[in-house]
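Okay, so here's just one chain, in structure tokens, the form predicted alone.
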Amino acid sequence: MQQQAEHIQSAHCENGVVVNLLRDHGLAFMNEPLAFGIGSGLFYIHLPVLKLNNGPAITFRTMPGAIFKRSCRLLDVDYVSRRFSQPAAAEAYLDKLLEQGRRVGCQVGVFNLSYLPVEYRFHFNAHNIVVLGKEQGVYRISDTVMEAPVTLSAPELLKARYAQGLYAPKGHVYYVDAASRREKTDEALLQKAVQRGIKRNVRDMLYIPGAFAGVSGIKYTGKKIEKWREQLGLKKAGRYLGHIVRMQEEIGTGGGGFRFLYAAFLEQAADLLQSEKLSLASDDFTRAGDLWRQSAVLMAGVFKGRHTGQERFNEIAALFYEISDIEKQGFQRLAKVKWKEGK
């Protein structure tokens, strides 16, 4: 029987799944900025030896599934996360959970989601959905990018759960253990979860060694962009910039969207913890978000052939350098926050 469950739209798929599952668990206060911040979702890495969809492997988010796991751990919520080597076992396990009335998070490949318009289907395997129920061989799905619940046939969902390539889902399912359902909010626990989420994000963006990750990684990409026109030729360089725009603004709203989301989280954290430094850092990330959006417009112009001179590549690179400096400043502010005793 179909579950008449709440459908939640969100800026980022995994955040939406976390909110959906944790609200159903009794944590009515949970919203997308809190899920993103507690789960330390903000990240950046440029891996020069890897390619994704024939472009540089760049990510603006933490690893798939990490936001859910971290949020659950810090909020003292029991959860289950499983992958399966055999598709038949994965399908049977999901069906059993749905028969028990559970909402279940699934990692899927975007290319195989038939409810999406064709122009939005591409090879990206870190998308997340909530499966609400199954009736007569058809699954009812809550996908945060859609306005209402959608459906997939059993073969279609199984194919999406076993998409091949980078971040292959391998039948990944995850859900909250109903036995630990909450009836009320523990404010002290929430404050501690917010603090620990911020501390981890500071570490990930400031202190990972090497030039490829965190704020250093943003600057590394800027240096690469400056050289792409000469090294790769205009056509390939433009394609690389178009790829970054897609990673930034379409795959999980990774660029400006994530920075605005993190700024919203810090505003909530500032109210919760009564910290002016958190509010000032929120302003930093709002400013960074504006610059990420500005960079996307310039990169799209090169990709579409409107502005193709070296000066435009230099301008884009300069924005990456500025973004890196602003985000570094923001995380340095967060690193200096004096947390209250017991928080």
Partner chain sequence: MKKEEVPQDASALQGYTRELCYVKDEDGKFVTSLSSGWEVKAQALEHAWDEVEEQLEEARTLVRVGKRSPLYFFMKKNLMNLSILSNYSGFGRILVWFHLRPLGYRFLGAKGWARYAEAFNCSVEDLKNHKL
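Quantities reported herein were computed from a predicted structural model and do not represent experimental measurements. Positions refer to the first chain, counted from 1.
What comes next is about the form predicted in complex with the partner chain, which does not appear here.
**Student:** Taking 118, 282 and 290 together, does each of them reach the partner chain in the predicted complex with some heavy atom inside 4.5 Å?
**Tutor:** Heavy-atom distance to the partner chain in the predicted complex: all three under 4.5 Å.
**Student:** Taking the shortest heavy atom distance, is residue 54 within 4.5 Å of the partner chain in the predicted complex?
**Tutor:** Because a heavy atom of residue 54 falls inside 4.5 Å of the partner chain in the predicted complex, the answer is yes.
**Student:** Report whether the minimum heavy atom distance between residue 218 and the partner chain in the predicted complex is within 4.5 Å.
**Tutor:** Residue 218: no, not in contact with the partner chain in the predicted complex.
**Student:** Taking the partner chain as it sits in the predicted complex, is residue 195 in contact with it (heavy atom to heavy atom, 4.5 Å or less)?
**Tutor:** Output for residue 195 is no: heavy atoms all beyond 4.5 Å of the partner chain.
**Student:** Please check if residue 75 has a heavy atom lying within 4.5 Å of any heavy atom of the partner chain in the predicted complex.
**Tutor:** No, residue 75 stays farther than 4.5 Å from the partner chain in the predicted complex.
**Student:** Consider the chain as shown here, without its partner, and state which of 202, 273, 163, 190 has a heavy atom within 4.5 Å of the partner chain in the predicted complex.
**Tutor:** By the 4.5 Å heavy-atom cutoff, the listed residue in contact is 163.
**Student:** Among 145, 213, 126, 132, which has any heavy atom within 4.5 Å of the partner chain in the predicted complex?
**Tutor:** Result of the distance check: 145.
**Student:** Residues in which of 42-50, 293-301, 56-64, 311-319 have heavy atoms within 4.5 Å of the partner chain in the predicted complex?
**Tutor:** Flagged stretch: 293-301.
**Student:** Under the 4.5 Å heavy atom criterion, name the residues of 258-288 that approach the partner chain in the predicted complex, in sequence order.
**Tutor:** Residues within 4.5 Å: 260, 261, 263, 264, 267, 271, 282, 283, 286.
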